[in-house]
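Here's a solo chain for you in structure tokens, the form predicted on its own.
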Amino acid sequence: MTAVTLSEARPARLRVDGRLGQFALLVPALALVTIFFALPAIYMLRMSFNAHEGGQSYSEAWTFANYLRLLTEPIYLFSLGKTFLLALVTAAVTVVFAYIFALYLWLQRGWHKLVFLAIALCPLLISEISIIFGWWMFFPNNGVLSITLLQLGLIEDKISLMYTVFAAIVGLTYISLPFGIFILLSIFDGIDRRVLEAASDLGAPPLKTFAEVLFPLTRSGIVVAFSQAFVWTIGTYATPIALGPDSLWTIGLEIYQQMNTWRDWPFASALAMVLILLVLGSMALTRRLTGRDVTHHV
């Protein structure tokens, strides 16, 4: 009886030890997340309820005035709406180009695939400031684009696309594109190519095969790539202000101005908390749309 009891207790003890070992492996990551993300977020939440009086950055208080100001003053609502729209457009453009590029990569073999993988990695190896300087050489009236179009005879005079919404969207898309490509490529790599061959053998034309076979299998990847691009774009401010017009006043830029120019830390914190809520909402919606059946290979 004792031997049986000991033999039954040993697997239970091993399971407990295994769980403790797994938790021990998570402790460093949890500590980093807590120290560098959770605690600053809590401090920022508390700061958003403080007041801004006189020449001080903030004064201790408990007030909803900052959130009421954000929700009632048209200038901030307009800025929030413009940021949301810019993020939506950029995410949509990113997904379209990322899908085409990832599909092309998936269909390639050998060294061709490696070359295009290297091309997709290039934006990740360059800082955002360097990318902005690169677009500054491309979009002005004396830039690469204008001179090339002029030499090809497509335009009669030099043009400049600098400080336009188009330039801002291009810059944002360029930076977020690699992430979308690799997200979608991981989804493509989880698809058995024989399903495409089966559809072709059954007489389905390429467009019908894409619409009824390939697209449904990659829908979850599209949602995740769109969410990633949206989350990244909604919080950035350097690229829109460097490439876009002065009227492109995003929430990210507003936070920067409130913190460094007006020294209104509580209102800047309230703006940041609204952005965090938008990001969390996007992540929750993505989880809802994709469910638990996302298949991917890295």
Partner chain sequence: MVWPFSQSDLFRWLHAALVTLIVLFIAVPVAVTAVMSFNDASLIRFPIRAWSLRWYLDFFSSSQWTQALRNSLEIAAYTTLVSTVFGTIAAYAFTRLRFPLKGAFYFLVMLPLFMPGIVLGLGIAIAFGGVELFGLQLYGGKALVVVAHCLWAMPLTFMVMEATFKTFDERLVEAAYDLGGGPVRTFFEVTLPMVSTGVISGALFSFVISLNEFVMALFLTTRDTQTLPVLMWLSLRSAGTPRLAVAAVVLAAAVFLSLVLVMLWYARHVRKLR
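Numbering follows the first chain given and starts at 1. These numbers come from a predicted model, not from an experiment. Whichever C-alpha set is largest while still superposing within 1.5 Å between the two forms counts as the rigid core.
Separately, the form predicted in complex with its partner chain exists; it is not shown, and the next lines address it.
Peer 1: If the criterion is a non-hydrogen atom within 4.5 angstroms, does every one of I100, S127 and A242 touch its partner chain in the predicted complex?
Peer 2: Yes, the whole trio is in contact, each within 4.5 Å by some heavy atom.
Peer 1: Check I131 for me: does it contact its partner chain in the predicted complex (non-hydrogen atoms, 4.5 angstroms)?
Peer 2: Residue-level check for I131: yes, a contact with its partner chain.
Peer 1: In the predicted complex, does Q228 have a heavy atom within 4.5 Å of its partner chain?
Peer 2: Although its partner chain is absent here, Q228 would touch it in the predicted complex, with heavy atoms inside 4.5 Å.
Peer 1: Taking its partner chain as it sits in the predicted complex, is W265 near enough to touch it, meaning that at least one heavy atom pair lies within 4.5 angstroms?
Peer 2: Contact with its partner chain, yes.
Peer 1: Would you check, heavy atoms only and a 4.5 Å threshold, whether F36 touches its partner chain in the predicted complex?
Peer 2: Yes, contact at 4.5 Å.
Peer 1: Among the candidate stretches 193-201, 215-223, 67-75, 83-91, which one is within 4.5 Å of its partner chain in the predicted complex when only heavy atoms are counted?
Peer 2: After filtering at 4.5 Å, what remains is 193-201.
Peer 1: Can you list, in sequence order, the residues from 225-255 that come within 4.5 Å of its partner chain in the predicted complex, counting heavy atoms only?
Peer 2: Result: Q228, V231, W232, G235, Y237, A238, I241, A242, G252, I255.
Peer 1: Rigid core aligned, does the Cα position of L32 differ by 2 Å or more between the shown form and the other one?
Peer 2: Indeed, L32 is displaced by 2 Å or more.
Peer 1: Answer yes if the Cα of Q151 shifts by 2 angstroms or more between the shown form and the other one on a rigid-core superposition, and no otherwise.
Peer 2: Yes, shifts by 2 Å or more.
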